[in-house]
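Consider the single chain below, provided in structure tokens and representing the form predicted on its own.
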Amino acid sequence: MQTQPTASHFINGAYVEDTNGTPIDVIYPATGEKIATVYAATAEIIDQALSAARAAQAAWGAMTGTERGRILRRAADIMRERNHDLSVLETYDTGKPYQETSVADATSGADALEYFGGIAAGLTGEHIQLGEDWVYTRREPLGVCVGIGAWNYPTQIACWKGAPALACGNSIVFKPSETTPLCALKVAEILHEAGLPAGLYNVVQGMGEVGAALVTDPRVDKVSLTGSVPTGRKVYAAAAEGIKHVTMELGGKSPMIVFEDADIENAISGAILGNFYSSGQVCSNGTRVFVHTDIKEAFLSRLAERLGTAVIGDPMDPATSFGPMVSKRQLDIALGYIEKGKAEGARLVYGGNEIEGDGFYLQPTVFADVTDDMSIAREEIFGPVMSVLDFTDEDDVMARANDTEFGLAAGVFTRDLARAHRVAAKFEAGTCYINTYNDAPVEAPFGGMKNSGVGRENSKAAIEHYSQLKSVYVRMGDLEAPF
């Protein structure tokens, strides 16, 4: 497959190159080899993208929701038809196994385009009768949106931000992570092929300074970021300066509570999905696994057995179920936390080593006897490192589960339905799971509480973050005034 894109940027319906920008090497995580080069956006490229977005938006916003939705649904169909090629590109971009990308990435991007394409026609206001007077509301676009993506789900995030923005009549300039710059270009290409007018979905490459230039530009009305809490603070502050609308989907150190009556196989499946899918590089991962002491050793023993069946290797091989980390830098961060875990007294029960050879491979790693004050239990690692903590009492484990600056996700495994709903209600997290983990259908709101973010992605809730309400008061009779 050709991994070098046609050009670095997609602006106003066409590929655009400007080699004056800083070169960004695209590294294939499975081999460490360079597979492409793109160039960071120059000031001229940024201006071109924002000017195109601003110029195209008004006509798009004036179209009916039905017309806009038709284009998004067509793009979803094209994306599904090309799922194989898009999945291969996602694997080149991220290193995630094809076994995973073929069912979780372009497919979920297509789901977002289809969902928001389907509800675009229903974005109506309301009529409020006040005696013989009345008020009506109009739901209107915000204008130009900026999306800033993370490197772990480049295709999905490009669609999660683009689909609701476009459905509501906005234009968007999307900046992918510099680590994974390839996939968003294909999303733009497909939208344009589906009939999206030029200038409405633009992609520009670059590092933090490009993101900062986009966020602070006065032509921008809305910023949506998926990223880390430190980056979120900077972007939120910069957007606040211009009173821009903001959605922040940030990191987490999410709890997963496994009670003594849980189905142990299902609980272990949840722990695997919440710690080792995407080699642990998922923001909502349940990396603090609280296991009741009655079943702890059985849980650890069976977990080790199942981890032993992971197929680690070439991510393009459909049999591979566990691939490399996204970059050498991310691998080194995870290895640093493994050393901290050992130094602070946690018991290493599985993995813990870098895998020799090409690429950025790390064994799935499990620590037991972890305490709440250890670094591996407090800080987001973003790698395949699970911390297993003991508990016996429900009230105690709830207090410990919520004792974190984060609040993105949380999960509980139990056969007691009353307890399951009680625990879910007590979680201080925006996205919670009962007897499952990390499901993220487009129909459901996704987002966090506390330092894990503001606003919601997906579902009808996203419409509130990509549109604004106008109230119009209509007086039917004469108007009195004091003089």
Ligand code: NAD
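Since this is a predicted model, take the numbers as computed values, not measurements. Start at 1 and count along the sequence shown; that's the residue number.
Another form, the form predicted together with nicotinamide-adenine-dinucleotide (NAD), is not on view; read the next lines as being about it.
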| item | value |
| --- | --- |
| Blocked or open, judged by overlaying nicotinamide-adenine-dinucleotide (NAD) from its pose in the predicted bound form and testing 2.4 Å from backbone or C-beta atoms | open |
| Contact flag, Gly227 vs nicotinamide-adenine-dinucleotide (NAD) in the predicted bound form, heavy atom cut 4.5 Å | yes |
| Any non-hydrogen atom of Gly149 within 4.5 angstroms of nicotinamide-adenine-dinucleotide (NAD) in the predicted bound form | yes |
| Non-hydrogen atom contact Gly336 with nicotinamide-adenine-dinucleotide (NAD) in the predicted bound form at 4.5 angstroms | no |
| Contact flag, Gly252 vs nicotinamide-adenine-dinucleotide (NAD) in the predicted bound form, heavy atom cut 4.5 Å | yes |
| Candidate stretches 183-191, 379-387, 122-130, 365-373, one within 4.5 Å of nicotinamide-adenine-dinucleotide (NAD) in the predicted bound form by heavy atom | 379-387 |
| Contacting member of Gly242, Gly118, Pro197, Gly208, with respect to nicotinamide-adenine-dinucleotide (NAD) in the predicted bound form [4.5 Å, heavy atom] | Gly208 |
| Residue (of Cys283, Ala271, Val144, Ala158) lying close to nicotinamide-adenine-dinucleotide (NAD) in the predicted bound form, criterion heavy atoms within 4.5 Å | Cys283 |
| Every residue of Lys175, Ala212 and Leu408 near nicotinamide-adenine-dinucleotide (NAD) in the predicted bound form, heavy atom within 4.5 Å | yes |
